[in-house]
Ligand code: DC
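As structure tokens, one chain now follows by itself in the form predicted alone.
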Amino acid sequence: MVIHAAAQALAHASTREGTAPVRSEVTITIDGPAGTGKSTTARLLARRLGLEFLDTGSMYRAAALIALEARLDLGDAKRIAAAARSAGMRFDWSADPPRLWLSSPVPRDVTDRLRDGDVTLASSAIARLPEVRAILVDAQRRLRADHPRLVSEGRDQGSVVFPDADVKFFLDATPQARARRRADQLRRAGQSVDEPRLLAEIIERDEADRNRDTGPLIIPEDSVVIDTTCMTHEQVLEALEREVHARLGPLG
């Protein structure tokens, strides 16, 4: 009640001063398959709109890292879920983008480790486990409670985690375009690239994401679908920003 009263007072003050009221709660979701630029777009959109950014994919990658380090069977849902819960996953929101830390057995920033190949591969298997998804979905909802002005990206944000989001986006692109982008990203990082293999992995990942029992990759109801195949990051970002302002007006 105190929060709502404070927000109302702020809104009235802003109106008297002739400026747009600050929206105390805003949730924007960005879903889509791998390689559509969701993370970069969500991070930059959040920055432009003055919101915070939640990369939910990093949470599944962190669960995969926890399982790998503990040498757990990647199909052992109960043990992985328990390990992920006890690891004390948290974000450092003072960084842009937020850094992901594990609190146990000792506090450490694992952000950079999450993009390594073994973690990427394991995270695909981890994301299919209902017990793990239940824990992370609950964690994501608790994060929104603490950070109510949020752009959240993933595979099931508008469909499962935040079906009440103010604006929902679904970014898509052809598998070939996504494989090419990933190959370019790896080359810039100085890594060797097998583009046909990347394409096969993306197609396989799409199939797994769309057909899993829990939190499958679908186009959320009432979402704005944007095909990014022939668009630059800036063009995608501008399209999303225009849509948000058209629907919500100034966010304050």
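Everything numeric here is computed off the predicted structure, so don't read it as measured data. Each residue number is its position in the shown sequence, starting from 1.
Another form, the form predicted in complex with 2'-deoxycytidine-5'-monophosphate (DC), is not on view; read the next lines as being about it.
Q: Report the stretch among 188-196, 219-227, 66-74, 52-60 that approaches 2'-deoxycytidine-5'-monophosphate (DC) in the predicted complex to within 4.5 Å, counting heavy atoms only.
A: Only one stretch qualifies here: 52-60.
Q: Only one of Ile80, Ala173, Ala179, Ala127 gets a heavy atom within 4.5 Å of 2'-deoxycytidine-5'-monophosphate (DC) in the predicted complex. Which one?
A: Contact residue from the list: Ala127.
Q: So in the predicted complex, is 2'-deoxycytidine-5'-monophosphate (DC) close enough to Arg115 to count as touching (4.5 Å, heavy atoms)?
A: Although 2'-deoxycytidine-5'-monophosphate (DC) is absent here, Arg115 would touch it in the predicted complex, with heavy atoms inside 4.5 Å.
Q: Any of the heavy atoms of Lys168 lying within 4.5 Å of 2'-deoxycytidine-5'-monophosphate (DC) in the predicted complex?
A: Lys168: no, not in contact with 2'-deoxycytidine-5'-monophosphate (DC) in the predicted complex.
Q: Closest heavy atom of Ser123 to 2'-deoxycytidine-5'-monophosphate (DC) in the predicted complex, within 4.5 Å or not?
A: Yes - in the predicted complex, heavy atoms of Ser123 and 2'-deoxycytidine-5'-monophosphate (DC) come within 4.5 Å of each other.
Q: May I ask you to state whether Asp209 is within 4.5 Å of 2'-deoxycytidine-5'-monophosphate (DC) in the predicted complex, using heavy atom distances?
A: Yes, Asp209 sits close enough to 2'-deoxycytidine-5'-monophosphate (DC) in the predicted complex that at least one of its heavy atoms falls within 4.5 Å.
Q: Can you name the residues of 87-109 that have a non-hydrogen atom within 4.5 angstroms of 2'-deoxycytidine-5'-monophosphate (DC) in the predicted complex?
A: The stretch 87-109, when checked against 2'-deoxycytidine-5'-monophosphate (DC) in the predicted complex, contributes no residue at the 4.5 Å heavy-atom cut-off.
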